[in-house]
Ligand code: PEP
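One chain is shown next in structure tokens, namely the form predicted alone.
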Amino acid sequence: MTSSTWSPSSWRERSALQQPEWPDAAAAAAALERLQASPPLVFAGEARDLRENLAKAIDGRAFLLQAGDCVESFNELSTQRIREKLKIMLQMSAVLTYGATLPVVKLGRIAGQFTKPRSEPFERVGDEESPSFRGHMVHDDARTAEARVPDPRRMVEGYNQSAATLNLLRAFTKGGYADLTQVHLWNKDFVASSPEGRRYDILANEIERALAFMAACGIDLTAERRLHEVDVYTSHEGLLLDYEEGLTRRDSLTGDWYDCSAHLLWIGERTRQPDGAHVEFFSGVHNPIGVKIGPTATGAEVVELAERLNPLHVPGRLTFYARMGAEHVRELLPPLLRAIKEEGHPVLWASDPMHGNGIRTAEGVKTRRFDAIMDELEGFFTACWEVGVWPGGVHLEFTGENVTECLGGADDVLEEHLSTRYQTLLDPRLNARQSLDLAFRLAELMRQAPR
């Protein structure tokens, strides 16, 4: 799959969009060298396991749940925050698995989601203008020109924070916290008092009765590892190519290159040019790769991307995230689905119903409507069914915190509520109740899907 001319640095010969201009070249070189000498964050074998699980989701034998923060913060690394994110993902997975009778591939936007592309190079707050915030791995979020100077040493800090997050994530998922026999313990106080919390309690009781039935039949539940621990993989947008190059390693078993910063990396809508630096870099690593596909994409473009990124047609290697917007998805997505299907590319199609549905209030606050998010999800399923493609996953921005950033949903968040707990660094996220509400509605959609 990797071209004979490819190397971890061959992207530097291409046009690289959305990259910071490091003011100190020597400091950037030192940071890259430090990353290259650091242990990998994930291992090639784990990335291959994820690829095999994603391959099952292509033809309806699994479903991808990919979710997490819009952008992670250097200031919010804590055991409680990581546990709350994991708790919501486990709750949503339980709803989807039990409600739709399908295994769920759990993939977090976590342990590396420290950068974001921006539409404009500058942003204005009042009378002040400063460089747009691009994530804590690039610079600080304070709205001053001094704070927004790119600092390559932050890549090393991002690596350290990702390592700490991964240690906690692995401890939780393998140390008993994810035990399916403890589904009631995943509930949160503010969810337990809501209609969605009561629906979850009913489902948790059904799961416990099913497990009790299995035990009564003589099945040794304590010996079944899959009931007591889970695999949660990591992902982030592979935007900052210096960082990704610094963590690329050659696998000692296969000799193939892997980007060991995460199990899956995705290419954003703004950087998916087939001849660009990002596609060049990710064409050479053997991780599962995702690409965000927006409303301007054509059938020829998505086919070219599939050929560049997965020329050997390896199932599970390539995921396309459709982010069309609720008003466009039913019209614009089917031609892309047909183009890929006709060429025989084994692409996993997932919905990103968040990024095409951003709006601003009259006061200029960036938000999203829960109903629009659900409308795009329903449109995505309709488009896939129309073409005969399995709607294989969803990609969400959520948090385990009780924020008020998206309108509507289980909390019925109104515009006047947004200022109450609007905490995101960039894009608005679903809170815990809204996420659980979405999971129940998504499970109902999945049950309608022709197998």
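Keep in mind that what you see is a predicted model, and the values were worked out from it rather than measured. Residue positions are given as counts along the sequence shown, with the first one as 1.
Below, we refer to the form predicted together with the named molecule, which is not included among the displayed structures.
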key: Contact of Arg199 with the named molecule in the predicted bound form (heavy atom, 4.5 Å)   = no
Looking at the partner-bound form in the predicted bound form, is Glu269 within 4.5 Å of the named molecule by any heavy atom?
yes
task: Flag Glu237 as yes or no: does it have a non-hydrogen atom within 4.5 angstroms of any non-hydrogen atom of the named molecule in the predicted bound form?
output: yes
Given that the named molecule is not shown alongside this chain, does Glu405 nevertheless sit within 4.5 Å of it in the predicted bound form, heavy atom to heavy atom?
no
With a 4.5 Å heavy atom cut-off to the named molecule in the predicted bound form, the contacting stretch among 249-257, 130-138, 307-315, 111-119 is 111-119
Interface check vs the named molecule in the predicted bound form: of Arg154, Lys85, Lys106, Arg323, the one with a heavy atom inside 4.5 Å is Arg323
Checking His355, Arg143, His328, Arg81 against the named molecule in the predicted bound form, the residue with a non-hydrogen atom inside 4.5 angstroms turns out to be His355
Check all three, Lys292, Glu397 and Asp427, heavy atom within 4.5 Å of the named molecule in the predicted bound form: yes
